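Look below for two forms of one protein chain, each set out as structure tokens: first structure 1, then structure 2.
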Structure 1
Amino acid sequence: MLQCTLGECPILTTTTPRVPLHQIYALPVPIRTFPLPTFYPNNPISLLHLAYAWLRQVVSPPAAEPSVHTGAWDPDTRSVHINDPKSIRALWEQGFFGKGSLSRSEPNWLKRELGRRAGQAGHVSEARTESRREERRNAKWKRAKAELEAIEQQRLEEASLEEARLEEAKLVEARLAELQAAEARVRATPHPAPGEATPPRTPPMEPRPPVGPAELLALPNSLASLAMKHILVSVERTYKPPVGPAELLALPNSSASPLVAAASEASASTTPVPVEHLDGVKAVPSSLANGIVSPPASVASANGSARSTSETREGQPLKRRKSVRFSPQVESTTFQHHDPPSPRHSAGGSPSRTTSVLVDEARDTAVVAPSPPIIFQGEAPTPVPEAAVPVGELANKEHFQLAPEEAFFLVFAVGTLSVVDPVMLAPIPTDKLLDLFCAHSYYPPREISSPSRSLQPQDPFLVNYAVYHHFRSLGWVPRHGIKFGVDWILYQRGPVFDHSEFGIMVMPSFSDKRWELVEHEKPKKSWSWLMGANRVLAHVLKSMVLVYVDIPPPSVFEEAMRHNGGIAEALKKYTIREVMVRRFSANRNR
């Protein structure tokens, strides 16, 4: 198994120059060829070129690589597992075959984990995807914030304009009212008769400042109004979370409640129970038993023992209410298969690491077993080791997975893979491997050793492999498309260079009339399924392609398998037709 050190692993070194992607992923299949230059009889110089190339390959041959990679069949995951690092890199970089068991596609779990432990992000696809998603989230958040600020600014401007208009209207109404009142006073004033003296006019009353206590208290924002506001605010109760040790222990169902209950029972029967420790906290007052904080009321008796004032009544159980508390200390995020269901409880259901009261029959006292200390606010939690591996050394826990179609293509079409039986540890022949893959294409898997079991032309594996072989031979890079609800997705060059453009749905077709005489299972596809899958692909900017596979009748298939060359001749009887489906929109497709 591959092991690397944080300071010495070549994955994290940044001083090495970056190789262009078109050089790393130059080969379409895991086959390396070294052809010699062409010899032209009418050109003697070509002979020198041929001799130079041959001598160069003899003197300094290229780096040796495994010509045939080895993988083991896993019936549980229905895939072929590969653990050799050189074979993993060769199969991924030369054709984008398979995927990492702990990665999205490229097997880079070790690189991500070493980068995470060293505090570096790492140049991996998952890290780049996460950074792009974070950038998109921030951009959307900033855009939404700007839109909300613009709306709020417009609302404030409209509100200020409305207030100005209302103030102006009030001023106009007040001015009109003053004019009307003045006009009414003028009309009501009696005019003196000719020759009479004009009575003296009373001067208008001027506003006087408030000088009395009642006038001062009647003013707005005075002491009386502020005191009334303070009274109204203080009436509302505010609830705060418990932060102190006493407040935490005063909660119902706290660690003090079961301890005080046991102490009260022991004191009622024989003698009081001295409390030594409680989860690392010394001398917990018994007044915290029922969640009520009260001053300590321990009274010393004649024999020197202390009796608690919060004892429960005889015959009545201690009332406890349910509460939820979250611990600031996270112990572990990794669980092993041999761990119990709960890390704080054993398989029998009794607490294993919590506070336990052990009654000593000889002394008739209660002994509290020590447990991990309680961490209160303001204290630093004790760090927990992240993993059981030594510091600075990490083993690669990821393996490489090949789908049955990919594995059979590498075995049958390319010849660069050997699949090993996990029980017998022997290579599986091609015909036996075909029977194995066809049997596991059903659920549950069918028996291979059954005499009635033979290859059928409508086996799901044969139909899917015909499509996979078809697009691989045309230069496409097909990969499983279960993430998008389709059978395959097609890349023009590979996942490293661009996104997939098409989603493939395999549609078995029994168009031959001889199928009417043979009982077979018909495809079960509905229009609602088609519209749903098309909607998902349209959302991720992909086009749906329905690949109809015309399956040959059993008679033709069996004749090709027995007399005309086996599976290579039988695959030629399958006919493939592609139909692209696009969503119709009344606004766009006019």
Structure 2
Amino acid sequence: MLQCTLGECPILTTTTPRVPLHQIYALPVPIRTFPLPTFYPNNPISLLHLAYAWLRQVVSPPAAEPSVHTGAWDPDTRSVHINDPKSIRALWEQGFFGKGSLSRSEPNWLKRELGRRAGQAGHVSEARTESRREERRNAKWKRAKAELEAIEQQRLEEASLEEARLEEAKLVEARLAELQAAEARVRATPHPAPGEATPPRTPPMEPRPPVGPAELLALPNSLASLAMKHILVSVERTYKPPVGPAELLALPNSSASPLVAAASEASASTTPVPVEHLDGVKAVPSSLANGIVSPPASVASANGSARSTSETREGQPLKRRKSVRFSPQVESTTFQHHDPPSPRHSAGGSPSRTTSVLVDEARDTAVVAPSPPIIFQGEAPTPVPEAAVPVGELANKEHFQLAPEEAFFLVFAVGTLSVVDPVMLAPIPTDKLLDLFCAHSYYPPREISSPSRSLQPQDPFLVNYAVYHHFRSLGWVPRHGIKFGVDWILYQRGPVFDHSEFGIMVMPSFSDKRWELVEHEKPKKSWSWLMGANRVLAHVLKSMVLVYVDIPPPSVFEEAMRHNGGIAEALKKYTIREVMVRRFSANRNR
């Protein structure tokens, strides 16, 4: 295990100049070569150079490195574990093999942990991803908040407009009353003289259809509804109050129900808001019997609305029209062990929920003292108060995992790895290793020792390995693509340089005629699988490549394995075809 103290930790010595990435990751496979310089016959000096280089390598050979790394096969995780830190770095930096068991890909758990304890985020990709997500979450929350505020603003504006209209309606009403009074006066004089002072322009008030806006406003129900609207708007949100006893009992915290009932009774007896409106209506002289005095129904409705408003103010949890809520804080998704299970997720029914969001937010930020690591609204991320944790010595709890295909490539094709048996600690020879991997490519793993069991050309390991070897030897960096729902993803140079461009699905193809005689498992891939996988890849901006592997029939495979030099010959019998798939929609791709 790697022991590392804080003082000599690489993350904290930031003063050292950074080595450029292309130097760190210069080698495509973990082999170092020492080529002799080229000899030019027409240039005698090149001969000298050649001789010098050769002599130097003979006299002082290059420093020995662990060029053959050792890994232990782990049948439970179906991977090859590597614990030596030098080997880990070498395998990662020279060809991007394997992954850290506690990391996304590069084994940097120790770095992250040290950074976390020292209270600073290191330059690890996980931290960067996390901060990017945090940013995105912040941006989304801000956008939602801005939208909410715009709606609030609009509502306020509309409320003020509504008030103005109400005022106007009252004015119109008053004028109508005057007119009626004048008419009554005119009628009271029995026989006016022809030239006398009847108001010349006022037409006689007959029951006319109410056409103009003023008349319409003066109609009884519209006035009442206006008043009602006004009341509701003044509370700035319209909730449907639970009025009946059944609904009240059905409320989640029914212990509060007596309080609510009391409140509603009180409001029914007092009704503070609508009194003035009722008064206003009743102040109209009763001679205006033609439909301006509000009928009792409207009074009742006004009462009802008043009750609803007062209840809203009491603020028990109400049933909202929409259940979309914006938490005033953006919370991180990473939780520490000491975090409470759900930090301050109260039921959302605190009494002041009906007040505006800004107040809410201010109070929340002020009150909550023991805050979990939360980045709030562009605040600087506060260092986690975790200095009490002993920083001194920290064992690396991470190991390195090689997939069977990667391990076999390193053993068989490159020769820089030896896989040891976990129990016997003896290196496993290559052919045994192949048997082991093939047996473990089924679930549950097949028996290796049974005599009937021998290598079959359609073993999933062999098919996958053929694809892996194919792309490795063409210079690509294939890595397992299970998180994107495909078999492999292909990087052009490696994960630290670029995003992967392609997702690869391995499709075993039994195209040889001789397969018809042999029983084999039919490949079953449905259309819905293709659409789903393609869509997932399209979301992450990758293209899908179907790699068809033409599997040699067993007779050909056996022949190559037995007589022609083993697996190296047998692998040549596999042919690989690549088909790139892209979804085309006539509407979108114009």
Partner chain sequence: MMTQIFLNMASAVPDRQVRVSRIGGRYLVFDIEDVVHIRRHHGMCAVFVGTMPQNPTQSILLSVPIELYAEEAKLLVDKKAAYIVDDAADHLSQLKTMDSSARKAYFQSLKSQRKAAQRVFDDSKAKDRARHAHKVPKGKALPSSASAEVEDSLFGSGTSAPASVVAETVRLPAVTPTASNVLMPSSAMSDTAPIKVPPTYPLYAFLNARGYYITPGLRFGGDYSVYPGDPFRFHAHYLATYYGWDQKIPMLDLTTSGRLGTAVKKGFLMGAEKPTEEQDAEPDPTGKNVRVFCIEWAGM
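Each form is matched to the other, and the largest set of C-alpha atoms that superpose within 1.5 Å is called the rigid core. Computed from a predicted model, the values in this text were never measured in an experiment. Each residue is numbered by where it sits in the sequence of structure 1, with counting from 1.
As for origin, structure 1 is the form predicted alone and structure 2 is not.
After superposition on the rigid core, the Cα atom of L55 is displaced by 2 Å or more between structure 1 and structure 2. Here T77 does not count as shifted, since its C-alpha moves by less than 2 Å between structure 1 and structure 2 after the core is aligned. Relative to the superposed core, Y442 shifts its CA atom by less than 2 Å between structure 1 and structure 2. On a core-based overlay, R165 has a Cα shift of 9.3 Å between structure 1 and structure 2.
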